[in-house]
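Shown here is one chain on its own, the form predicted alone, set out as structure tokens.
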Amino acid sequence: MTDLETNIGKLNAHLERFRAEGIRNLIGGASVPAASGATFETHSPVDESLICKVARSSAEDVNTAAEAAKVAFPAWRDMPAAERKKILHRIADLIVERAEEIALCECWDTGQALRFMSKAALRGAENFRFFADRAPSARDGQNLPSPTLMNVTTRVPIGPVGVITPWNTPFMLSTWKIAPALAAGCTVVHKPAEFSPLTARILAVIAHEAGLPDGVWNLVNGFGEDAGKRLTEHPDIKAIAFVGESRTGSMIMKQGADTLKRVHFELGGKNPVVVFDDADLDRALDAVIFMIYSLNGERCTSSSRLLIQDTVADAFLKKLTERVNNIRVGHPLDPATEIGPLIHKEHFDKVTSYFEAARADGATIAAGGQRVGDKGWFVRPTLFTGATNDMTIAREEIFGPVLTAIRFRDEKQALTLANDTQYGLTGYVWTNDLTRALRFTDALEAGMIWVNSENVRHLPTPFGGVKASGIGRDGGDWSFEFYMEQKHIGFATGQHHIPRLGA
């Protein structure tokens, strides 16, 4: 039996209960269908087969979940931080125990290759451990003495929060948002993307098995136009953490405006990787390929625009084209696969529409640009060359395994091209000139920049973008700044003068 056949067998065993029971909501600690009884179907992008039916929630379900989160909030807020820490570590332990199940289900649900998803659950566990260890100090503040007062600050959890997660790497991103919310003392209503509901359900069940009190974490499945909209408008939900498209982020901000809802957005990107001729070109080549073609290119931090200095462009692009043509497209549960299918026909149609857009604008399709097979949503990893920064393929976020290469003459032009975009999530700079790296990163409009490196996530550091790429930061204390309110208390240290009116 091959590794692929073995993995398919294991997957089918894990999917049995989903096929039999479907995916229900989890509200107030109870597994419940949508109040209306409505469901929708989720299909695998691998072969378009039915995975199971999923509860299709309405405003009524969100109202129930928000009420459960509101009721559970005071006790969770007031629980000793050391106790919250124990529960979050227990969640991490159970994630590790079910890591293989999580990885296999994620692959089947999203099309992501097992070589990347095999670590997703472990990264999720790390997220819980990281914030569990910070829970006891989450409310720590500062002592800011003045001549007449001892001024102290503290932080308190903001209350019930809504978390809306996307369909790309949904498990890891769910833990990234929910772990700090729980560590801070907030309660949660989680609405996962409708295209990838499997691992969100597994994660919520794990949390309850770990001893999380009822109502602290509520899972509501459904679509953005009904369940998502109600969540963003609900007066008892004090904040919304959202990962997804910039256009959707704008809609959520409008929907939350009437309740003055705090928002944290991790949105789109059209991220540049800038390769200068003095760089270590072999390492740069590896990083360029990894940061656009791993995870099927369905990642907000992908380096989707290659800005390559013209003095080395010909040789670099020749090697790049050869490597792209060698990337292995196949079944996501095959350990040899490097790229699996795109998430859904809707997204497949969007990504493949850019092949014709490239031709229309006069770019060259140096690699890929076509579907693979006639079943599932597979595409060849694609490389556009001969592009300019005003082309559609250089302006819009494609969110697939598609790279647009653009040549530049010098540092000044490279910076102009890099910043000439509505987005500003990440940037990648390859040069061995330290002073150039300092100059360039200082002027580059991006929330996160890596020099001579691919994206290497370090949890204590801030994660987030500028311009249309987002609002706010995740990671370390930055997460607590979002999920908590600052409070200032001034204690008089003596009998300072108080002005007397009407004496």
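What you are looking at is a predicted structure, and each value in this text was computed from that prediction instead of being measured. We number the residues from 1 along the sequence you see.
Below: the form predicted together with a small molecule, not depicted.
S.K.: F355, F378, F130, F399: which sits within 4.5 Å of the small molecule in the model of the complex by any heavy atom?
M.R.: Only one listed residue qualifies here, and that residue is F399.
S.K.: Which of A363, A120, I164, A207 has a heavy atom within 4.5 Å of the small molecule in the model of the complex?
M.R.: When the small molecule is considered in the model of the complex, the option within 4.5 Å is I164.
S.K.: Would G244 count as touching the small molecule in the model of the complex under a 4.5 Å heavy atom rule?
M.R.: Looking in the model of the complex, residue contacts with the small molecule include G244, since a heavy atom lies within 4.5 Å.
S.K.: Check whether E194 has any heavy atom within 4.5 Å of a heavy atom of the small molecule in the model of the complex, and answer yes or no.
M.R.: Taking the distances in the model of the complex, the answer for E194 is yes, it comes within 4.5 Å of the small molecule.
S.K.: My question is simply whether E266 lines the interface with the small molecule in the model of the complex - judged by any non-hydrogen atom within 4.5 Å.
M.R.: Yes - in the model of the complex, heavy atoms of E266 and the small molecule come within 4.5 Å of each other.
S.K.: Does at least one non-hydrogen atom of T248 fall within 4.5 angstroms of the small molecule in the model of the complex?
M.R.: Looking in the model of the complex, residue contacts with the small molecule include T248, since a heavy atom lies within 4.5 Å.
S.K.: If contact means a heavy atom within 4.5 Å, which one of 386-394, 305-313, 225-233, 84-92 is the stretch that engages the small molecule in the model of the complex?
M.R.: Looking at the partner contacts, the answer comes out as 225-233.
S.K.: In the model of the complex, does each of I27, A69 and T175 have a heavy atom within 4.5 Å of the small molecule?
M.R.: Checked in the model of the complex: no contact with the small molecule for any of the three.
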